[in-house]
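Have a look below at one chain only, the form predicted on its own, in structure tokens format.
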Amino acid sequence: MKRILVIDDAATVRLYHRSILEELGFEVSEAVNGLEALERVAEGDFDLYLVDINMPKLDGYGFLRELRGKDMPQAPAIMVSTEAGANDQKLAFLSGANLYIVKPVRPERLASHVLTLLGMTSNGRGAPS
């Protein structure tokens, strides 16, 4: 089972993303900021990261820079944020994001991007096949 780490300081956003991803059959872990996310990464590998930008202690940009600097297998990262500026997107990619999505994200759009980045296909109901 593929493992995804959802990193966002808003509990409602984590719950929303978790429900979409678990419905697709993924194992989901959560972190409330970049520092906690780095602790989760130290505990075990993930297949994909879903990362917010604005968080206390260590923001999404900082988390991705730290993650990409580690000598470990690297998984794709989707930056999901309310920040819609071109500079925000540029900073996300420079930090190591593979994709940038502006919140709110529709469930089918999130599912499509996650499945694509993981090299999986959908069975027509949104679930991986």
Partner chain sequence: MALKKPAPTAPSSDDERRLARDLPGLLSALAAADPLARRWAARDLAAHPNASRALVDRLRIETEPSVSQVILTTLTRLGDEIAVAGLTECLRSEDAMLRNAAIEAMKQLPDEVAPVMEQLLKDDDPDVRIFAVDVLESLRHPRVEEWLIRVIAEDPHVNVCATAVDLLGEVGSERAVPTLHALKARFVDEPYIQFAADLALKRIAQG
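Numbering follows the first chain given and starts at 1. Just so it is clear, the structure is predicted and the values come from calculations on it, not from any experiment.
Just so it is clear, the following notes concern the form predicted together with its partner chain, a form of the same protein that is not shown.
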item	value
Non-hydrogen atom within 4.5 Å of its partner chain in the predicted complex for each of I4, E39 and A42	no
M55: touches its partner chain in the predicted complex, heavy atom cutoff 4.5 angstroms	yes
Interface membership of V13, its partner chain in the predicted complex, 4.5 Å heavy atom rule	yes
In the predicted complex, F26 touching its partner chain (heavy atom, 4.5 Å)	no
